[in-house]
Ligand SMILES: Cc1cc2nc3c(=O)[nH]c(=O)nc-3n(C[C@H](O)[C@H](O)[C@H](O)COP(=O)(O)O)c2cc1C
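What follows is one chain in structure tokens, specifically the form predicted alone.
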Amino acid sequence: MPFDDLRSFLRALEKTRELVRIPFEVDPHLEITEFADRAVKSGGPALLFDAPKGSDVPAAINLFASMRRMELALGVGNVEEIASRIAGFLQMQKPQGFMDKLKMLPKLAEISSAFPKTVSDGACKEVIRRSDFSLDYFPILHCWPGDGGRFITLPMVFSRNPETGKRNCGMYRLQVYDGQTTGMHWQKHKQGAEHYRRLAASGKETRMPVAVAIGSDPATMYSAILPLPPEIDEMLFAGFLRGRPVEMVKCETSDLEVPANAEIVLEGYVEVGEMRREGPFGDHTGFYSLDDDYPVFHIECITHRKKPVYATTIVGPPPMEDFYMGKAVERIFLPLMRMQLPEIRDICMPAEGVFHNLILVSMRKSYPGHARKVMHAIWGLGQAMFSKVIVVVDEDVDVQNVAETAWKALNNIDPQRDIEFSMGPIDSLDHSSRLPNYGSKMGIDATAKWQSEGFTRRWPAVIEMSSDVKQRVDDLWKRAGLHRRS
């Protein structure tokens, strides 16, 4: 069964010993970060700070910071189950007869149960503050010593395309300037930024309504980070993950809708043309992203539950909580990538690559230059366009085993022949590119080379012991008592 809200997820984590409560005072200024960093890097639990310094609102962190917690959050035994569900939908074809139609009914019912449902009221409106409110009421983290201030780090930011009315929900950090205003970190390539640009270009309006929900059921929160195509509503996909519609309620000050089960909702607007310095911020790259100009979010109203829980996260030197969230994205969306590139067998984004710096790809090679075709195709796929380094290996390489991949790739390449460079969009957080948002990428063809690719030497086989010897030594190994040492 899907979780009703954040607090039901917290209860489940506590019941499965995946959460520890911290009953004493801990400072949101740096100290909670240090707790969370130590916990995730030691394989520790999620944390619920019952008494954060300076606030009566508990703070929850590291909710997704392991594959086990990701599975609990999404209600599966393994995230590959979701990938299988997606693959099943992608393979649906027009039914040929009555039995085919019957077989399709469960899938069609699953789709229909995913659509968001508008309700008249919700728990997020138990307290409505139109005046005399301040962000200081919440335990917002100052994450790292060099940060430009406090940041809301796990928000679901809602906006609408001013031309189509299509909703977007993204996760964009918000730097707190004062009790009523924050920065709006809409990176250039994100949908929120596109909505802002379209409104500015229209010249019809000067204010863009924005709503920010903090804390919801885990599948809905998670959907805000997913690299979905612009035409797919994140709340629809959340319903697909939950197997139940996300209930949405209209805001007090605009026509935007937010999850009715949210813990906290910030309602307001962004003024076209108003920019303010935002950052620095200790980012998921493990470095500080530099300060830059971003739009300003003005808060007009805050609604929340009577006793809200503040959901937050930190990013920094990997692995962090975002690695596990990203690993689930990798597994869930592999069927979508394979729909466009069926030759791909698997992909892996190692923690050290912080998502966009390195992607390992295994593929079934069918013709000369096939690996390079795959590289360029990936650079043309949505958020994958930011991949700085792509390493392509043959299908017999287990890319989830990074050591094996490095060993075989490094043995298989002639650097001058097999490495190519390309120019294109770069992630806004990349501090090494020659220009903001634009720089070079590297593709490495580490597949075995063919004569039809100009390789005229013999290609050697990998060293491997024969299976009959392995089987004989299995018994001898036990007789020697060595199995008790392993």
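Don't overthink the numbering: it's just position in the shown sequence, from 1. Note that the coordinates shown come from a computational prediction; the quantities given were computed from them, not determined experimentally.
Note that the form predicted together with the ligand isn't included here; everything after this is about it.
- For the chain shown alone, T313 is a contact residue for the ligand in the predicted bound form, at least one non-hydrogen atom being within 4.5 angstroms.
- The shortest heavy atom separation between H284 and the ligand in the predicted bound form is within 4.5 Å.
- Contact annotation: P227 falls within 4.5 Å of the ligand in the predicted bound form, judged by heavy atom distances.
- The closest heavy atom approach of P116 to the ligand in the predicted bound form falls outside 4.5 Å.
- The stretch among 72-80, 244-252, 183-191, 412-420 whose residues place heavy atoms within 4.5 Å of the ligand in the predicted bound form is 183-191.
- Contact with the ligand in the predicted bound form, defined as a heavy atom within 4.5 Å, holds for exactly one of I344, L256, M171, I86, namely M171.
- Interface residue among E263, E267, E234, D217, judged by heavy atoms within 4.5 Å of the ligand in the predicted bound form: E234.
- Scanning 362-391 for heavy atoms within 4.5 Å of the ligand in the predicted bound form gives just one residue, Q383.
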